[in-house]
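Let's start with one chain on its own, the form predicted on its own, as structure tokens.
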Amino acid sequence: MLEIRNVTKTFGKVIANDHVSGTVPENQVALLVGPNGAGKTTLLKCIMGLLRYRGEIKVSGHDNKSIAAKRLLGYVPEIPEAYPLLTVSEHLELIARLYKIDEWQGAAETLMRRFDLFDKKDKLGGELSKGMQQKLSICTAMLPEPSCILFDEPLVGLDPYAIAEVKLMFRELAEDGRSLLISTHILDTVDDLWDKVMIMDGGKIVRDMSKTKLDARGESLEQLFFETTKRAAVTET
């Protein structure tokens, strides 16, 4: 489980995250959506411990800055950055060594084959297209088998086959007991995947709703998004 409590992050006088709270239970896919500049990527970086912030974040009961929590966290950033002089397989070997994973080769091969990278295992990171770098980023995040995984625009740059595979993987991970938090602008690509949605606007969570409740209201995710962010904008003015 991922627990976020009163997280505030400022950059000078700019408040990027304003007392943000929310949870992502086990076995669930949670969406983090909002307009550009709402604070979504900043929140993900706070969860990963890449930024200093005020508040509290716990991963399966562990403080997110602890070694115990970091072993449980996986992260696929919005912009993949492969090491230019490491091959695809060497990227996975690096992760295996950092996480001290024994007998990792079989799992690495399975991931590479799943995302059509096995035939490119000896290709250098600097030679990969953006889409292939995105696939590699997903593979390296999945290799340690994290219990809580953050995805920042994970489908951007992928071909249709890879998108279908990633979407299938989301449900598999949730059904396996993982907690997934997916930040995205492309609502229609994830509309059939999620269990709960947190809508951010102006650095705050302005709506937190389960898919079950939204379905009972007979509304779509897109309708909820526009209704919520429009109301937030009117309130602010």
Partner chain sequence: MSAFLFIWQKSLRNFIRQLPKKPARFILVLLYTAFFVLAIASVSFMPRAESGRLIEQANGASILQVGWFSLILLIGTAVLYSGTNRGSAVFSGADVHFLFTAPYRPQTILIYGLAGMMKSMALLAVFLPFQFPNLVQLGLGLPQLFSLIGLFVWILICFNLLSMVLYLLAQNKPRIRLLIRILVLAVPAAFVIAMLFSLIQTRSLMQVFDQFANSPFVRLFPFFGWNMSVASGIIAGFDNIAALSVLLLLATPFATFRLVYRLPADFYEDAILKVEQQKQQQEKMKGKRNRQASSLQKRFKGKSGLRHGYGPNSIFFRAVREMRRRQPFVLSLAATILLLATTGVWIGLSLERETEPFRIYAVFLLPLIQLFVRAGETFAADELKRPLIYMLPYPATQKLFWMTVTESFLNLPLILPSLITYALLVKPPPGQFMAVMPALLTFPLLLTASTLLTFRIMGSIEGQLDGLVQVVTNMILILPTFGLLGAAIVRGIRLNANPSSFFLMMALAHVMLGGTLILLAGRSSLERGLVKS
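Worth saying up front: this structure is predicted, and the values here are computed from it rather than measured. Residue numbers count along the first chain shown, from 1.
The protein also exists as the form predicted in complex with the partner chain; that form is not presented, and the subsequent description refers to it.
K.L.:
Would you please decide whether G49 lies within 4.5 angstroms of the partner chain in the model of the complex, comparing each non-hydrogen atom pair?
P.N.:
The answer is yes: G49 has a heavy atom within 4.5 Å of the partner chain.
K.L.:
Would you classify E90 as touching the partner chain in the model of the complex, given a 4.5 Å non-hydrogen atom cut-off?
P.N.:
Heavy-atom contact with the partner chain at 4.5 Å: present for E90.
K.L.:
Would you classify P146 as touching the partner chain in the model of the complex, given a 4.5 Å non-hydrogen atom cut-off?
P.N.:
Heavy-atom contact with the partner chain at 4.5 Å: absent for P146.
K.L.:
At the 4.5 Å heavy atom threshold, is K65 in contact with the partner chain in the model of the complex?
P.N.:
Contact with the partner chain, yes.
K.L.:
Quick one: in the model of the complex, does every one of V206, A216 and K230 get a heavy atom within 4.5 Å of the partner chain?
P.N.:
No, because V206, A216 and K230 lack any heavy atom that approaches the partner chain to within 4.5 Å in the model of the complex.
K.L.:
By the heavy atom within 4.5 Å rule, which residue out of K121, R71, R114, K167 makes contact with the partner chain in the model of the complex?
P.N.:
For this set of options, the contacting one is R71.
K.L.:
Given that the partner chain is left out here, which of L94, A107, I101, V156 has a heavy atom within 4.5 Å of it in the model of the complex?
P.N.:
That would be L94.
K.L.:
For a quick check, can you give me the residues of 117-140 that have a heavy atom within 4.5 Å of the partner chain in the model of the complex?
P.N.:
Sequence-ordered list: L124, E127, S137, T140.
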